[in-house]
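Next come structure tokens for two forms of one protein chain, structure 1 first, structure 2 second.
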Structure 1
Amino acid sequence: MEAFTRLTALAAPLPQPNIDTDIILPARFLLITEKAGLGRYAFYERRTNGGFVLDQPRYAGARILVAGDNFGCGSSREHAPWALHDLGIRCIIAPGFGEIFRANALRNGMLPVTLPLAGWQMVLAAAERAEQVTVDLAAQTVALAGGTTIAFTLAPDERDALLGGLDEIDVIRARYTAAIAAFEAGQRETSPWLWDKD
């Protein structure tokens, strides 16, 4: 997985709450069976109406999205973070996230930053001024051009995985193969009905 350490980039504002994954990537594009190239379909309906924030020249090259509360709620489609990644987005800053979206973003090297309202509003204001924002994962800070620094926290395992670009499946297979086998042997004893088709 791609590592995330420190990012200084333009932040784009998308403050509407409850942007669900159907808005991020409409369902008809889920017929695509590849991960790559989904960016052109991201926010499709909003972009065809013109004026969508990520299409505005002043936000060209934005890699940080300052989103509204409950961003990525709804469908579990990983196509949503894939599409955002394809647009160049590597960090999303919001008051809260849909749980499955958040987990999916982390597994694709993208950093979801949850900020309390006051801090989020400062970052949003910076995004609305089309300023550069620096997100430092090791330090767990968001630094604004004006000099303000806002702290955030990420669970240590999530931070380590992103910082190291660790592949979860590789880690599990390297560390836990024996533990999985032991669990399975135990469950065959306690719940044989779960194993009658194996």
Structure 2
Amino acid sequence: MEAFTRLTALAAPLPQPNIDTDIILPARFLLITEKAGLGRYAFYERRTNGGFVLDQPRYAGARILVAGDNFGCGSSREHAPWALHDLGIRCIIAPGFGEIFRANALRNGMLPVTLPLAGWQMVLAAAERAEQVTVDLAAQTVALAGGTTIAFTLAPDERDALLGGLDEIDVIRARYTAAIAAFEAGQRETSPWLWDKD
């Protein structure tokens, strides 16, 4: 997984609240099991009608999405963050997230930043002006072009995993390597036949 440390990028506004995972990636595309190329189906219904924010030239290459409250609510499809990541989105800033979507985003190397309403409104205004925004995970800040800095918090284990580019298995290995080694050593002594390859 690609580490997330600091990202300066164009932010695109999508302020509508309660955008669920079926809007992000319609259910008919869940049969696709490859992550690569899944972005073309993200927000499919909205993009086919034309004028969708991520298809507008002024937001070409946006890597930050400023979304409305409760973004990613609905079903627990991991395809939704896969599709967003394939579009190039690395960070989503919102007043709140669907709980499962948030967890899936973190597992796929995307940073979900939860901001209080006043801070979110400032970032949304910057996105509506098509400005670049800097998200610094180490400092846990969002910085706007005018110099305003807004703090956010992330659980230490989530922060460390993103900073290190660690997926769930990597985190388990890092946290429990000594315990796993001790268990295996004990098992080799008490049950050597399990380890005998001959």
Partner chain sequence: MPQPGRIALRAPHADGAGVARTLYDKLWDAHVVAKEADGQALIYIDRMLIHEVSSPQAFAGLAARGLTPHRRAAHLAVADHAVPTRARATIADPQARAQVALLADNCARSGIEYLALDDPRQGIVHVIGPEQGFTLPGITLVCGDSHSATHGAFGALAFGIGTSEIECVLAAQVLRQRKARTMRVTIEGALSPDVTAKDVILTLIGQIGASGAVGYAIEYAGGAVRAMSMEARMTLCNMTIEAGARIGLVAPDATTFAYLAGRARAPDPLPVAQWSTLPSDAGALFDREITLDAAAIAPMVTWGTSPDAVIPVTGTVPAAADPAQLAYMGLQPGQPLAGLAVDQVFIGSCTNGRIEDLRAAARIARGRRVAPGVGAIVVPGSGQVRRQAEAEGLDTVFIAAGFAWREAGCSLCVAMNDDRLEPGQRCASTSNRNFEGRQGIGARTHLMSPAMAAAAAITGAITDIRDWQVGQGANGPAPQGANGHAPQGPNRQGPA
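Take the two forms, find the largest set of C-alpha atoms that superpose within 1.5 Å, and that set is the rigid core. For residue numbers, the reference is structure 1: its sequence is counted from 1. Because the structure is a prediction, the values reported are computed rather than measured.
- Form assignment for the chain places structure 1 as the one matching the criterion, namely the form predicted together with its partner chain.
- Under the rigid two-part model of the rearrangement between structure 1 and structure 2, residue 112 and residue 75 move as members of one part.
- Once the larger rigid part is held fixed by C-alpha superposition between structure 1 and structure 2, the smaller part shows a rotation of 63 degrees.
- CA movement of residue 180 between structure 1 and structure 2 equals 8.9 Å, with the two forms superposed on the rigid core.
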